[in-house]
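Just one chain follows, in the form predicted alone, and it is written as structure tokens.
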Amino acid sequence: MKSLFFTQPFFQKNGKSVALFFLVAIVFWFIFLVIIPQLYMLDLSFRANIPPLERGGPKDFYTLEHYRHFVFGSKTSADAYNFVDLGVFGRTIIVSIFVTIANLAFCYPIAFYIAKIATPSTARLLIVSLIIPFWINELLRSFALRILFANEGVINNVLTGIGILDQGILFITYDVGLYTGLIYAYILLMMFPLYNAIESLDVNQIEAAKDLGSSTFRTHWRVVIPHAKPGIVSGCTMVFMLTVGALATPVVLSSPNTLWFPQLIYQWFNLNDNWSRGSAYSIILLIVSVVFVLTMMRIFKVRIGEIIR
């Protein structure tokens, strides 16, 4: 059995020592850093909010109170539903979908150009140009965008200084800075899956479609996009999940009246010291993220193996 185990292609390609190291590391990471924390959070989301030392005692019991609070709000509330939390949650999901679509629309033509049109030297230059800005920490990039989009920021000062505007545009108040920052923050996670998928397409298929009279749009719709489906699903999945779970960028770039759902989770955990309710809200966000991934796989008819390939 052991010899059969070591004859697998993964072990033959990497060698026994390296393959075993990667296998143990992956199993450790998956079990102790993914499965166990999520199971603990799931269990905590159904428990009453009590001090840690009282857990397991008579005051510790399972309840749906935290999930009920998300939908209906406090028992003392006069509203039928928890419109504040539900509104923040709905807005977060809608904006995250918008950011994902905007990223896809922005990255697809660039990825296609780099993969199939640009010369090798130009392609390398463009890839490096995309990567270098992300050597800077995400938080610092968010503050840089804050400086650009602030009411007295660089953009408004330039526009008012040259006389185009009489007064500055409220980019932060209307969340233009937030949307821009979210699109910019995860652009590489959309770009490279698309590039990898399109780069593997045989250019002869594109030439054949053009020779048969296919328009540019039809060629992309019928040839390129079907081939790039795994990259599209992979990019959309990563961008959506990171956007919907973003914390630093919304904190820095959102207006005072805008609240992002992870900010609610942060408040329950750290400001209100209610880990059970924070866990319940986290589980709700996790479920929506998983549903989004499964929906994308269903729409584009791809399997999980094609996404991670």
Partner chain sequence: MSAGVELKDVSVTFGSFFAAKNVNVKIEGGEFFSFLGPSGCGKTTLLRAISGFQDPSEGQVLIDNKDMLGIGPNKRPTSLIFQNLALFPLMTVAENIAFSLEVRGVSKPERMKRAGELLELIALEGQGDKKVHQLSGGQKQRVAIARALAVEPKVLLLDEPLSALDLKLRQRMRTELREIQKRVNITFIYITHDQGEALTMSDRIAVMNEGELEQIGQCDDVYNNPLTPFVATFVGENNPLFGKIKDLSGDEAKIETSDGVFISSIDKSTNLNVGDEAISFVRPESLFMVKDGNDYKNKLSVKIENIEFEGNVKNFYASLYSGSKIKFSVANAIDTSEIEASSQIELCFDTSKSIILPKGALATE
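It should be emphasised that the depicted structure is a prediction, and the values quoted were computed from it without experimental measurement. Positions refer to the first chain, counted from 1.
The same protein also exists as the form predicted in complex with the partner chain; that form is not shown, yet it is the one meant from here on.
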Triplet 33, 43 and 52 all within 4.5 Å of the partner chain in the predicted bound form via a heavy atom: no
Position in contact with the partner chain when the complex is considered in the predicted bound form, options 209, 198, 93, 189, heavy atoms within 4.5 Å: 209
Answer option from 130, 102, 145, 223, heavy atom within 4.5 Å of the partner chain in the predicted bound form: 223
Contact label in the predicted bound form: residue 204 to the partner chain, heavy atom within 4.5 Å: yes
4.5 Å heavy atom contact, residue 122 to the partner chain in the predicted bound form: no
Close approach of residue 116 to the partner chain in the predicted bound form, 4.5 Å, heavy atom: no
Contact label in the predicted bound form: residue 163 to the partner chain, heavy atom within 4.5 Å: no
Options 223-231, 72-80, 165-173, 136-144; stretch whose heavy atom lies within 4.5 Å of the partner chain in the predicted bound form: 223-231
